[in-house]
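Have a look below at one chain only, the form predicted on its own, in structure tokens format.
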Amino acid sequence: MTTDHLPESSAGAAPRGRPRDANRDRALMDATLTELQLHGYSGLTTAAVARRAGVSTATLYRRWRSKQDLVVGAAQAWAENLGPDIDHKDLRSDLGALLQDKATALEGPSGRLLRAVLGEAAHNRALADVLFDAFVIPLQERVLALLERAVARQEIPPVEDPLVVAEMVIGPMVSHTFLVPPGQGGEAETSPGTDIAERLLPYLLRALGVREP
């Protein structure tokens, strides 16, 4: 979990009283994720989050002014971490590593949060914007970087619209991991995310003009 977006003060007010307790902030973020998993956005209440975190609702409201602010804060705190972008010196390895990193993220805390709030984001602009920044942009940046390296190595011709390649990663990975029932997507002993990552790689390589070895 990132801590960059944990609140420093409420509504810009000057800090008063005792210093903020970062452990309470993290406990509230953990509790928010658990309540979202159990009840979804519509069923989440600030009282339940505070109770699970072991704090008062007054403590919660000093940090987040509303349920929406709390969930937006959780989305920022649990922003997707795809890991380092390591240059493996060939596109197949770079793209394969990205797909596996995406699978790991979708099956971890950030993926569980995304699954819980994706429906709400369809009609909640503030939440949708945060999800785009936290989950889509990091993947787009990683795709652009690995494609630029592949073009520089002359593995592939310049890609006219690299953001489409990012969409070709996000769509299948999310839909397979979140929507395909276990055992119906082709995976045997592997997780759904790892399964689709392995199956998607050759299609992406062919789409980019990489010849099979």
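One rule holds for the numbers: they count along the sequence shown, beginning at 1. Owing to the predicted nature of the structure, the values given are computational and were not obtained by experimental measurement.
This next part talks about the form predicted in complex with a further copy of the same chain, which is not shown.
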Quick check on G119: any heavy atom within 4.5 Å of a further copy of the same chain in the predicted complex? yes
Can you tell me if L144 lies within 4.5 angstroms of a further copy of the same chain in the predicted complex, counting non-hydrogen atoms only? no
Is V136 near a further copy of the same chain? Define near as a heavy atom within 4.5 Å, in the predicted complex. yes
Even though a further copy of the same chain is not shown here, does D87 get within 4.5 Å of it in the predicted complex, heavy atoms only? no
Segment that reaches a further copy of the same chain in the predicted complex - one of 39-47, 25-33, 148-156, 58-66, heavy atoms within 4.5 Å: 39-47
Could you check which residue among L131, L91, L99, A77 gets a heavy atom within 4.5 Å of a further copy of the same chain in the predicted complex? L131
Using a 4.5 Å cut-off on heavy atoms, which residues of 72-100 contact a further copy of the same chain in the predicted complex? none
